[in-house]
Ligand code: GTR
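Before any questions on binding or motion, here is one chain by itself as structure tokens, the form predicted alone.
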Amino acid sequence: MLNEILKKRNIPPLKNREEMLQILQQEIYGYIPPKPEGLSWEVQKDYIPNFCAGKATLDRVILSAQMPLGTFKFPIYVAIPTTDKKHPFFVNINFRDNIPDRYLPSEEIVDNGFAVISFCYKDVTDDNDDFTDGLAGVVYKDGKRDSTSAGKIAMWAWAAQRAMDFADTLDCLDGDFSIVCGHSRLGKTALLAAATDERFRFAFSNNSGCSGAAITRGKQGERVADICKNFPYWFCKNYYKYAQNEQKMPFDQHFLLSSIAPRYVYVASAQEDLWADPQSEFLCCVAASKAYEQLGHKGFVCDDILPHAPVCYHDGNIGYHLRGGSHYFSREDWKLFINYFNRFYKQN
């Protein structure tokens, strides 16, 4: 049944990872800015004393990246459980810089043994069409972009990779179990960060929808025309040409999930989030499964029917859940992902 639905949507066949990454950067997101020529940092220890009732430390770290047009600085927040072990950890691309916040249940995450590195996306570059501020100001001279230059999603993904650079220096973090995560536009960002940086073992995308984890062709809710009209600065200029011509796209979003193979990718959907379209997110997992299977791994293990909440599929390297409710990064989403993660973490 599911393969018949995908066949009717006429999505293009998968390519090898390098080709898919080239297409995704050239046609949707723009090319990720280059790695910095140098990266340094300043650590403000115990930024919030007795964080999580003393169960974790929280430091504020200012990263300084030396780029061709100047130095760019932005803060990250590093919460590490006080237990004496190596911790799996999240790099969380956050909507806010106040820690904890309603989208980041820090204490529950710490209680489950995870460290969290979090940063606010607007501390990297503003969520608008200004390409002279923040990181954009040291990437583009006078804010001018060409057709394949990075949009804001690619810039936020670059920042997640710099947070991972810092994580690599901490002996208390287990680099074999790193997770990049985000919600909505930042879920799109998390997928792109993982697709283009193999250090991320897991990618966790929550309600990322159009131009994220949802198949575009045949999608309900938001389409390329909508997102390019409302948020053109998230993408490279090449993407605009598909606004009224999605069938001409030489890709669909299963390329993005497939570029993470054979590592783990997790897609979280909400039943009432019709703008993101949970069915198209689910079908994207189905379509990406082949990339994992070709590499000798379980891909997406699911029933051959479209899902209805509540449902979880946690057996393969592609994980998925559909909960009730609307567009939101809830504690339920975190809990279900942690359940999925532990299936693989406890085996190692």
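Every value quoted in this text rests on a predicted model; they were computed, and no experiment measured them. Numbers for residues come from their place in the sequence shown, where the first is 1.
The discussion below concerns the form predicted in complex with ligand GTR, not included here.
Participant: Would you point out which of 84 to 92, 184 to 192, 128 to 136, 247 to 255 contains residues with a non-hydrogen atom within 4.5 Å of ligand GTR in the predicted bound form?
Facilitator: That would be stretch 184 to 192.
Participant: Consider the chain as shown here, without its partner, and state which of Tyr233, Tyr242, Phe177, Trp275 has a heavy atom within 4.5 Å of ligand GTR in the predicted bound form.
Facilitator: Result of the distance check: Trp275.
Participant: Given that ligand GTR is left out here, which of Met164, Cys172, Ile227, Cys120 has a heavy atom within 4.5 Å of it in the predicted bound form?
Facilitator: Checking each option against ligand GTR in the predicted bound form, the one that comes within 4.5 Å is Ile227.
Participant: Taking 4.5 angstroms as the cut-off for heavy atoms, does Lys335 touch ligand GTR in the predicted bound form?
Facilitator: Although ligand GTR is absent here, Lys335 would stay clear of it in the predicted bound form, with no heavy atoms inside 4.5 Å.
Participant: Look up in the predicted bound form whether His327 has a non-hydrogen atom within 4.5 angstroms of ligand GTR, and give yes or no.
Facilitator: His327 belongs to the contact set for ligand GTR.
Participant: Glu222 near ligand GTR in the predicted bound form, any heavy atom under 4.5 Å?
Facilitator: Glu222 belongs to the contact set for ligand GTR.
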